[in-house]
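Read on for two forms of one protein chain; each stands alone as structure tokens, with the labels structure 1 and structure 2.
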Structure 1
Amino acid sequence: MYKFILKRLIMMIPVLLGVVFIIFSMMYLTPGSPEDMILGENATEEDKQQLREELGLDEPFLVQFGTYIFDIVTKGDFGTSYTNGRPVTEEILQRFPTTALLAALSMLVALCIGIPLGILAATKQYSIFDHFATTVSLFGISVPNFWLGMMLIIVFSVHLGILPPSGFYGAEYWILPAITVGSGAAANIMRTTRSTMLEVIRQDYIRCIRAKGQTEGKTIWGHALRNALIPIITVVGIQCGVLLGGTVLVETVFAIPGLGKLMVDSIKAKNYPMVQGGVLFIALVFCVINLLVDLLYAYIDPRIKSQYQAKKRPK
């Protein structure tokens, strides 16, 4: 098992190097020079040249890329912000806990809504509840989350005045953003839970468990759900990436000082080291989540665990 984890960690390296290369090349090809952004357009040519040398911008592309990678690997240094001169790593680490909390809360909302509704819709297939839940979930995946956030602000903050419209300072501030980000994931999880449960509850072993007199609750939650979990976890893993992406827009709506808002502000200010660092950091987090999802498979399904372990044995 440890060998499998190690192998997956090693496999992550080329993927992350590729991500760095893609993002770095994109930012390198971006029109507009960094020295104009830092010094302003009225700076003299000498000043600009000096800054280019300081930042290493006069080096060839591959040398710049090599230095960037070297700094990340050896010092965990993602460069320096153009706007305030602070290290990008420091800014990201300062903002990331807020985004992580928002993403975690949103996932909690998504799981608490998606899984029970999916199970109920499957066990009561073709009932009014099933049709209702399916239609609501279709709207859930169709609604732009930043718009949903603003509509929730209009209803709960402007008209009812019961929840704050912006900021992220305590539990009451978390509710609206978490629902906003989590709604899409909830709809996706619900749809997958429903379709997988429909397949599982028709299996012979479920009929057998029922025939033995097991209660309906234990049959569904204890036996059927556990066997339906693999596709659900796959969707949860994919939705983690969507959630992290979604926070970028929703943090702007609710003025939450997280990584997403930092990135949107940086894009507007053309602060490219920050954008680059932010995208890389989120890609790194996403890769780690994918690895965790693969490990969860092994925990849930002994067959997958034995597959992982089988790779360990010499052929």
Structure 2
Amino acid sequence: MYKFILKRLIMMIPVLLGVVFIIFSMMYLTPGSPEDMILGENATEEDKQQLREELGLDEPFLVQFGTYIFDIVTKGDFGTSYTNGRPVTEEILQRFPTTALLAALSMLVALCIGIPLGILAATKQYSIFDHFATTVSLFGISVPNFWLGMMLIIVFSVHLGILPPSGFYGAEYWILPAITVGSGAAANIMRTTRSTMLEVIRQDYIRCIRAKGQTEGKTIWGHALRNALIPIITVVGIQCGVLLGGTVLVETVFAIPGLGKLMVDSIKAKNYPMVQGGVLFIALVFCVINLLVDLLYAYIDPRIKSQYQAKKRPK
């Protein structure tokens, strides 16, 4: 097990390097320059050139990229924000708890909707419940999060006036953003749960359990769902990373002071270190979530756990 964890940690290195290279290249090739945003339009060319030299933006691309990677590896330094001069790490750690809370609430909404609807659609295949669940999942996948968020604000905040339209200061502020972000994840979880449960409930051992007189509830929830959890957990792990990235636009729509809104504001301000650090941090969290999902397999499926134990036994 420890060798597996170490192997997966080593495999994260090229993934993170690829993410850094892509985002670094995109920010480098983006039109505009940070010195124009920092100094303003009335700044002289001498002031702009001096600032570029101070920020290291006058160096070639490979030199800038190598310096950025070297500072991260040796110092753990993700750079300094161009807008307020604070370290990027402090800004990210200050905003990330809000984003993590929004992602957790959204995943809770997705699980509470996706798994029951998926099980209901599988056990009542081709019924009105199945068609309803399929329609809901299609709606959740097709509708953009930012559009759904604006529609929810118009209905529940503007017309009905029962929920606040923006902010993230209490439980009543969490409802609309969590539903907005969690709708797409709920749709994907529902589709996976339905297809996996359809395959499991047709197995011979399920027929045997029913023939022995076991109740339908215990058969579905105690036996079928347990054997269908591996694909469901895989999708849930992927959706956790998607939710972290999906909060970027939603936080902007609902004016939530999280990491997503910080990155959007940083893109507008050409704040290269903040954007690069934010994307790298989200990629790192995504890799850790995938590792935890792989480890969770061993505790759900005894066959996977036995494979790890068999590797430890001497031949």
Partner chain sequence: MQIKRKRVQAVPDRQDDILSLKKSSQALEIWGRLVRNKTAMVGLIILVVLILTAIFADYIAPYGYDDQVLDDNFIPPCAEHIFGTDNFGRDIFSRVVYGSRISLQVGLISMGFAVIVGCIVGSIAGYYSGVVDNIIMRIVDIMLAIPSILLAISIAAALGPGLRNVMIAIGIGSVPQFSRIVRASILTVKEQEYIEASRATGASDLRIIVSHILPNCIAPIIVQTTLGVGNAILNAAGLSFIGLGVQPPIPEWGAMLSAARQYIRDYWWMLTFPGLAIMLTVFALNVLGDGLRDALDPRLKS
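Here the rigid core means the biggest group of C-alpha atoms that line up within 1.5 Å when the two forms are laid on top of each other. Note that this is a predicted model, so its numbers are computed, not measured. Counting starts at 1 and follows the sequence of structure 1.
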Either 1 or 2, the form predicted in complex with its partner chain
1
I want to check Asp265: does it shift between the two structures by 2 Å or more at the Cα, with the core superposed?
no
Just checking, between the two structures and with the core aligned, does Ile72 shift 2 Å or more at the CA?
yes
Val15: CA shift of at least 2 Å between the two structures after core fit?
yes
Can you give me the Cα shift for Leu51 between the two structures? Core-superposed, in angstrom, one decimal please.
4.7
